[in-house]
Ligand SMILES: Cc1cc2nc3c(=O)[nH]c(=O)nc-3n(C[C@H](O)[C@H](O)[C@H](O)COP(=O)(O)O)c2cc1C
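Form predicted on its own, single chain, as structure tokens, below.
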Amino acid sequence: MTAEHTQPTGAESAGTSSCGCGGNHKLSDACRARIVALRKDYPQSRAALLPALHLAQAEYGYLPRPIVDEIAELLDLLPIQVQEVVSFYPMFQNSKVGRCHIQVCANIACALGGARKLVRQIESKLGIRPGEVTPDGRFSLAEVECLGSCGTAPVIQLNNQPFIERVTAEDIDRVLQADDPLQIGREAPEISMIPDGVPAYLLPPNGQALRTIDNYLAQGGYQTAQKAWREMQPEELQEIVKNSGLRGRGGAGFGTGMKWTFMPKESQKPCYLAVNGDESEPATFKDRQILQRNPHQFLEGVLIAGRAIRAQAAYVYLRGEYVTPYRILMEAREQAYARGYFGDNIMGTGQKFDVYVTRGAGAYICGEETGMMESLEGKKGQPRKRPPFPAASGLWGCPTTVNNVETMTHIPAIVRNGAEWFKTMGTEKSTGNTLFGVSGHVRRPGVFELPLGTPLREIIEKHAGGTPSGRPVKAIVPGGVSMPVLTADSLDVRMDHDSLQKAGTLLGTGGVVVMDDSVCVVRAAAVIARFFRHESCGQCTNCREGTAFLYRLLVRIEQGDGTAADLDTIAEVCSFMEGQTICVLSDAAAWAAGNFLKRFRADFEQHIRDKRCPFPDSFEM
């Protein structure tokens, strides 16, 4: 069990630190004991670093040098190894913040929803700007990139509390006037829906949440996992999933069953399953709905996948801001362990399979599979060069398969009902249902379970209700902000891999952002470029410098200071970024900026010609 749910056993000494902190501990004995207990969940003690930092920051408030030294002592690391990790991840604070740290999401969905007005309100009331603390130390303010709740924009997060969603000016006043702002909160709105007539299997119907294991068992839960472990061989499971045509739902769309076959049949090293739940791409918020409403089906999928690839354990990497999904998943995990579905003798088979959960710390780059593995190992989440590929050398140098949260949630239904059943939904090459997240200028933003191949117009107009203002749609991001933008002329495209590729874009994560004709697309492109600039890990020069340069160019044009030569420079910079780096973050930044320019060039040229933004009704940046 992870130390987040391990009860302290009293003071445990890990020796005297060479840094001299000795017995002058700033962390409590209970916190130190929990950090020590973390070590048993990982093959190497360094892998316990991220959860240890979360525990320490939760107790002490931030991570100054003495705390860094203590954690280094407890995990047998050098202080510099800890400090480089603290400085890499935005959620870790190495200087004091206010007792109530107000984080306002500023990326595209929240920007469209008026996030900048909220920031101005807080600045006016408190007399501080982002990055500053009030003189009494009570409040601090930060503008942060996507928090992963795009369907309930605008969103704020106070410290490490659950989100406050659909925030209004009145909500901000309530926070600033409260005796204890951290007690302010409300239930997350229900935004995941199954449209009538859809044969759903990913989400429970009618707003239900199957959070307890008894409710899940009553629906036939874990029976497929029992059959997989008791009666089926790994090759059988691989073949079923391969024949089903299931493509990964994390963005790349690679065949899941095919990926499983890359794992060795015999290995002298342990094999691992790494599950990517670092849902950090703006416009993407579907995995959160699965974890909050159907955590046991996800865990059953992990259990079956573990059998299919002969894994010893699964490591789930969950984005750090997802406080409520983490709590629900950990409760479901404890229930599953208590019933014998995980552990040393799973389901009475005499076989061992464990599942561990590690929280990330706000770095989008950890959604890249090798960056995620680096982070799981307790390092900066900088992607690895390939080869070797994860199936040969992944976590701790061992064979590893990486799958996404939604991908895992499809597995129980596929194995239970068969490959042919799965292929009755979706298209020939994009089979099954998926979860489309819709945000921006729509009446009913949310997550919709629909077959792949559903027309984009149907998703926007029928299920999401069209634009609230009645204004026409101008631009659509179809699969998360890294996917090339579409114009309204493409509204009739079908949302599957092949159709979108023919339209000059990609399905990605199925995160749809709708912008009506009030929007300044240059401003939208700049907001998205700011995200990529912020999230570049800095490892590759083309990415580090290119993302920053694109952002500066777009801001200059948006402010009316651009020239015609800047448009050629954007295209040139994009050409230096695509296909030139270790991972595809650089490509994604280039696709986003380059395609806004390509498809809305007239808007860019008008900014340059008029020397101002010609869209007075657009959102604030």
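Quick note: we count residues from 1 along the sequence shown, nothing fancier. Owing to the predicted nature of the structure, the values given are computational and were not obtained by experimental measurement.
Although it is not shown, the form predicted together with this ligand is what the next lines describe.
Chemist: Indicate whether Ala252 is a 4.5 Å heavy atom neighbour of this ligand in the model of the complex.
Modeler: Ala252: yes, in contact with this ligand in the model of the complex.
Chemist: With the partner left out here, check for me: in the model of the complex, does some heavy atom of Pro270 sit within 4.5 Å of this ligand?
Modeler: No, Pro270 stays farther than 4.5 Å from this ligand in the model of the complex.
Chemist: Within 4.5 Å, heavy atoms only: does Leu585 come near this ligand in the model of the complex?
Modeler: Because a heavy atom of Leu585 falls inside 4.5 Å of this ligand in the model of the complex, the answer is yes.
Chemist: Do Gly367 and this ligand come within 4.5 Å of each other in the model of the complex, heavy atoms counted?
Modeler: Yes, Gly367 lies within 4.5 Å of this ligand in the model of the complex.
Chemist: Scan Thr407, Ser244, Gln238, Gln289 and let me know which has any heavy atom within 4.5 Å of this ligand in the model of the complex.
Modeler: Exactly one residue meets the criterion: Thr407.
Chemist: Would you kindly say which of Gly248, Gly185, Pro204, Gly465 lies with a heavy atom within 4.5 Å of this ligand in the model of the complex?
Modeler: Spelling it out, the residue with a heavy atom inside the cut-off is Gly248.
Chemist: Please determine, with the chain shown alone, which of 455-463, 296-304, 224-232, 368-376 has non-hydrogen atoms within 4.5 Å of this ligand in the model of the complex.
Modeler: Every other range fails; the passing one is 368-376.
Chemist: May I ask you to list the residues of 310-330 that have any heavy atom within 4.5 angstroms of this ligand in the model of the complex, in sequence order?
Modeler: Sequence-ordered list is empty.
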